[in-house]
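Only one chain is given next, in C-alpha coordinates, and it is the form predicted on its own.
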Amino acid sequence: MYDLSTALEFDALSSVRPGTSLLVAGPAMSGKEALALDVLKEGARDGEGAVVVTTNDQASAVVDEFRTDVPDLDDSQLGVVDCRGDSGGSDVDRSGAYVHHVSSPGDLTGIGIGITKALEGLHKSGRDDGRLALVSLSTMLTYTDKKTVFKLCHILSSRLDSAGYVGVFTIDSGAHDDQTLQVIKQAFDGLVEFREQNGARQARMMGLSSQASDWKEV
(Lines give C-alpha, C1' and ligand atoms only; values in the text may rest on other atoms or scores of the structure.)
Protein backbone atom coordinates (compact mmCIF):
# COMPACT_ATOMS: atom_id res chain seq x y z
CA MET A 1 0.00 0.00 0.00
CA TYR A 2 1.08 3.57 -0.65
CA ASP A 3 0.83 6.49 1.76
CA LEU A 4 0.14 9.63 -0.29
CA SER A 5 -1.13 11.67 2.65
CA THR A 6 2.21 13.43 3.22
CA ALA A 7 1.54 15.52 0.13
CA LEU A 8 -2.14 16.10 0.98
CA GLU A 9 -3.65 15.16 4.32
CA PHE A 10 -6.73 13.06 3.63
CA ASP A 11 -7.40 9.78 5.43
CA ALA A 12 -8.30 8.09 2.14
CA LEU A 13 -4.80 8.82 0.83
CA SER A 14 -2.97 7.18 3.75
CA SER A 15 -3.40 3.65 2.40
CA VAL A 16 -3.73 3.53 -1.38
CA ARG A 17 -3.53 0.18 -3.11
CA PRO A 18 -1.04 -0.44 -5.95
CA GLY A 19 -2.59 0.19 -9.35
CA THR A 20 -4.74 3.09 -8.17
CA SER A 21 -5.05 6.08 -10.48
CA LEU A 22 -6.12 9.50 -9.22
CA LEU A 23 -7.34 12.55 -11.10
CA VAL A 24 -6.39 15.94 -9.65
CA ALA A 25 -8.78 18.59 -10.99
CA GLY A 26 -8.87 22.31 -10.38
CA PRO A 27 -8.64 25.72 -11.99
CA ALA A 28 -5.41 27.16 -13.32
CA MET A 29 -2.79 28.07 -10.71
CA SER A 30 -4.56 26.05 -8.00
CA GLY A 31 -1.52 23.93 -7.13
CA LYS A 32 -2.61 20.66 -8.73
CA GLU A 33 0.60 20.21 -10.74
CA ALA A 34 2.76 20.87 -7.69
CA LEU A 35 0.72 18.31 -5.73
CA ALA A 36 1.19 15.65 -8.43
CA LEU A 37 4.97 16.12 -8.43
CA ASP A 38 5.11 16.28 -4.62
CA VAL A 39 3.45 12.85 -4.49
CA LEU A 40 6.27 11.48 -6.67
CA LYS A 41 9.03 13.25 -4.78
CA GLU A 42 7.82 11.82 -1.47
CA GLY A 43 8.04 8.34 -2.93
CA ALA A 44 11.44 9.01 -4.48
CA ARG A 45 12.80 10.04 -1.07
CA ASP A 46 11.92 6.51 0.09
CA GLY A 47 13.67 4.91 -2.89
CA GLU A 48 10.61 4.41 -5.10
CA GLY A 49 10.61 4.85 -8.86
CA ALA A 50 9.10 7.97 -10.44
CA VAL A 51 7.75 8.53 -13.95
CA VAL A 52 6.82 12.07 -15.03
CA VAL A 53 4.87 12.67 -18.23
CA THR A 54 5.21 16.38 -18.99
CA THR A 55 3.41 18.39 -21.65
CA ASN A 56 4.80 21.77 -20.53
CA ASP A 57 8.28 21.57 -18.99
CA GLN A 58 11.46 20.33 -20.63
CA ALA A 59 12.68 16.93 -19.48
CA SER A 60 15.93 18.50 -18.29
CA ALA A 61 13.99 20.93 -16.08
CA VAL A 62 12.05 18.04 -14.53
CA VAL A 63 15.25 16.08 -13.86
CA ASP A 64 16.90 19.15 -12.30
CA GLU A 65 13.86 19.81 -10.11
CA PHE A 66 13.88 16.26 -8.78
CA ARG A 67 17.61 16.42 -8.08
CA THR A 68 17.10 19.64 -6.12
CA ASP A 69 14.09 18.50 -4.11
CA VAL A 70 15.26 14.91 -3.58
CA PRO A 71 18.96 15.32 -2.67
CA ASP A 72 19.62 11.56 -2.43
CA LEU A 73 17.97 10.83 -5.78
CA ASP A 74 19.53 8.05 -7.82
CA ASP A 75 18.94 8.98 -11.45
CA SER A 76 17.97 5.38 -12.19
CA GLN A 77 14.83 6.09 -10.10
CA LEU A 78 13.51 8.65 -12.57
CA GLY A 79 11.91 8.43 -15.99
CA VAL A 80 10.59 11.43 -17.93
CA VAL A 81 8.35 11.35 -20.99
CA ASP A 82 8.68 14.76 -22.67
CA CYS A 83 5.64 15.40 -24.87
CA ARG A 84 6.35 18.97 -25.91
CA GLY A 85 7.54 17.94 -29.35
CA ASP A 86 10.22 20.61 -29.75
CA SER A 87 13.26 18.55 -28.84
CA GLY A 88 14.86 15.34 -29.95
CA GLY A 89 17.50 13.27 -28.31
CA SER A 90 18.32 9.91 -26.93
CA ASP A 91 16.25 7.90 -24.48
CA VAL A 92 18.87 8.35 -21.75
CA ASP A 93 19.81 11.71 -20.33
CA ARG A 94 23.53 12.24 -19.87
CA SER A 95 23.17 11.72 -16.12
CA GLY A 96 21.52 8.33 -16.43
CA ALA A 97 17.87 9.30 -15.97
CA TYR A 98 15.57 7.77 -18.60
CA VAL A 99 14.16 10.38 -20.99
CA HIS A 100 11.80 9.67 -23.88
CA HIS A 101 10.78 12.38 -26.37
CA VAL A 102 7.36 12.34 -28.03
CA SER A 103 6.44 14.33 -31.14
CA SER A 104 3.49 16.19 -29.55
CA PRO A 105 0.98 16.01 -26.67
CA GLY A 106 -1.41 14.53 -29.22
CA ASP A 107 0.81 11.55 -29.98
CA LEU A 108 -0.91 9.28 -27.48
CA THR A 109 0.64 6.15 -28.97
CA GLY A 110 4.12 7.61 -28.50
CA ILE A 111 3.26 8.67 -24.96
CA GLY A 112 2.08 5.16 -24.14
CA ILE A 113 5.28 3.68 -25.55
CA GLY A 114 7.41 6.09 -23.53
CA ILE A 115 5.57 5.26 -20.32
CA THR A 116 5.89 1.52 -20.95
CA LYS A 117 9.64 1.85 -21.56
CA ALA A 118 10.06 3.97 -18.43
CA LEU A 119 8.19 1.46 -16.29
CA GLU A 120 10.21 -1.42 -17.73
CA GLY A 121 13.46 0.43 -17.07
CA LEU A 122 12.52 1.18 -13.47
CA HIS A 123 11.59 -2.44 -12.82
CA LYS A 124 14.89 -3.59 -14.31
CA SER A 125 16.69 -1.24 -11.91
CA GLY A 126 14.87 -2.85 -8.99
CA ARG A 127 12.17 -0.19 -8.47
CA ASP A 128 9.22 -2.48 -7.82
CA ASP A 129 7.34 0.34 -6.07
CA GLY A 130 6.76 3.67 -7.75
CA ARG A 131 4.53 6.52 -8.77
CA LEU A 132 3.60 8.18 -12.07
CA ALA A 133 2.41 11.74 -12.72
CA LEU A 134 0.92 13.01 -15.97
CA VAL A 135 0.83 16.81 -16.29
CA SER A 136 -1.52 17.58 -17.93
CA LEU A 137 -4.50 15.94 -19.61
CA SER A 138 -5.81 19.39 -20.54
CA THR A 139 -2.93 19.92 -22.96
CA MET A 140 -3.65 16.56 -24.59
CA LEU A 141 -7.31 17.52 -24.94
CA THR A 142 -6.34 20.50 -27.09
CA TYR A 143 -4.84 18.03 -29.60
CA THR A 144 -7.41 15.24 -29.56
CA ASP A 145 -10.90 14.37 -28.34
CA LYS A 146 -12.11 13.30 -24.90
CA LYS A 147 -12.88 9.71 -25.90
CA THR A 148 -9.32 9.16 -27.12
CA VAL A 149 -7.84 10.66 -23.95
CA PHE A 150 -10.22 8.54 -21.87
CA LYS A 151 -8.98 5.44 -23.70
CA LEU A 152 -5.36 6.39 -22.94
CA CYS A 153 -6.16 6.90 -19.25
CA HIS A 154 -7.89 3.53 -19.13
CA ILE A 155 -4.90 1.81 -20.77
CA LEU A 156 -2.47 3.51 -18.40
CA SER A 157 -4.57 2.46 -15.43
CA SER A 158 -4.11 -1.16 -16.52
CA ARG A 159 -0.36 -0.67 -16.95
CA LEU A 160 -0.09 0.90 -13.49
CA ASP A 161 -1.98 -2.06 -12.08
CA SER A 162 0.41 -4.51 -13.75
CA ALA A 163 3.43 -2.54 -12.55
CA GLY A 164 2.10 -2.15 -9.01
CA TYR A 165 2.55 1.63 -9.24
CA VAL A 166 0.11 4.44 -8.48
CA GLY A 167 -0.73 7.29 -10.85
CA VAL A 168 -1.67 10.95 -10.44
CA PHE A 169 -3.09 12.81 -13.46
CA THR A 170 -3.93 16.52 -13.59
CA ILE A 171 -6.64 18.40 -15.49
CA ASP A 172 -7.65 22.06 -15.61
CA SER A 173 -11.32 21.95 -14.65
CA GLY A 174 -11.90 25.47 -15.95
CA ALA A 175 -10.73 24.62 -19.46
CA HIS A 176 -13.36 22.00 -20.31
CA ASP A 177 -17.11 21.59 -20.34
CA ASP A 178 -18.89 19.38 -17.80
CA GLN A 179 -19.41 16.55 -20.29
CA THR A 180 -15.69 16.31 -21.03
CA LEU A 181 -14.84 16.29 -17.32
CA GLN A 182 -17.42 13.60 -16.59
CA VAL A 183 -16.06 11.35 -19.35
CA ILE A 184 -12.46 11.73 -18.15
CA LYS A 185 -13.34 11.20 -14.48
CA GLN A 186 -14.74 7.75 -15.27
CA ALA A 187 -11.22 6.47 -16.04
CA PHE A 188 -10.01 7.02 -12.46
CA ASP A 189 -10.38 5.38 -9.07
CA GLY A 190 -10.41 8.64 -7.14
CA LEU A 191 -10.62 12.40 -7.54
CA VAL A 192 -8.84 15.20 -5.70
CA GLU A 193 -10.66 18.43 -6.45
CA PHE A 194 -9.30 21.94 -5.85
CA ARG A 195 -11.22 25.22 -5.71
CA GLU A 196 -10.80 28.82 -4.62
CA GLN A 197 -13.27 29.92 -1.94
CA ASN A 198 -13.24 33.36 -0.32
CA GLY A 199 -9.63 33.84 -1.32
CA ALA A 200 -8.52 30.51 0.15
CA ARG A 201 -7.50 27.33 -1.68
CA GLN A 202 -9.56 24.30 -0.69
CA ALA A 203 -9.49 20.60 -1.62
CA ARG A 204 -11.63 17.53 -1.15
CA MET A 205 -11.15 13.82 -1.83
CA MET A 206 -13.70 11.61 -3.58
CA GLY A 207 -13.86 8.00 -4.70
CA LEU A 208 -11.43 6.08 -2.49
CA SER A 209 -13.82 5.81 0.43
CA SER A 210 -17.57 5.44 0.80
CA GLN A 211 -18.09 9.16 1.27
CA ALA A 212 -16.52 12.27 -0.17
CA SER A 213 -14.42 14.25 2.29
CA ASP A 214 -15.37 17.72 3.41
CA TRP A 215 -13.70 20.68 1.75
CA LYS A 216 -10.62 21.78 3.69
CA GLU A 217 -8.13 24.58 3.30
CA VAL A 218 -4.75 23.49 1.95
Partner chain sequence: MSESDRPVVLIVEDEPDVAETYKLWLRNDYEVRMANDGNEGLELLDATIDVVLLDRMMPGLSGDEMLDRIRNRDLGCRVSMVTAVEPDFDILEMGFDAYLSKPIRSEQLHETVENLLERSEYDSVLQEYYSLVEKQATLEASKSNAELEESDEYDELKSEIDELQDELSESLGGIGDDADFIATLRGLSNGEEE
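Residue numbers count along the first chain shown, from 1. None of these values were measured; they are calculated from a predicted model.
Only in words, not in the display: the form predicted in complex with the partner chain, which the text now covers.
Inset, instruction - Choose from 66-74, 152-160, 51-59, 33-41 the stretch whose residues reach within 4.5 Å of the partner chain in the predicted complex, heavy atoms counted. - result: Going through the listed ranges, the match is 152-160.
Inset, instruction - Decide whether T142 counts as a contact residue for the partner chain in the predicted complex under a heavy atom distance cut-off of 4.5 Å. - result: No, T142 is distant from the partner.
Inset, instruction - Verify the contact flag for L191: yes if a non-hydrogen atom of it lies within 4.5 Å of a non-hydrogen atom of the partner chain in the predicted complex, no if not. - result: Taking the distances in the predicted complex, the answer for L191 is no, it never comes within 4.5 Å of the partner chain.
Legend entry - is_contact(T116, the partner chain) in the predicted complex, heavy atom dist at most 4.5 Å: Result yes; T116 sits at the interface with the partner chain in the predicted complex.
Inset, instruction - Flag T148 as yes or no: does it have a non-hydrogen atom within 4.5 angstroms of any non-hydrogen atom of the partner chain in the predicted complex? - result: Looking in the predicted complex, residue contacts with the partner chain include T148, since a heavy atom lies within 4.5 Å.
Inset, instruction - Let me know which residues along 165-195 have a heavy atom within 4.5 Å of the partner chain in the predicted complex, or say none if there are none. - result: Residues within 4.5 Å: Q179, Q182, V183, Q186.
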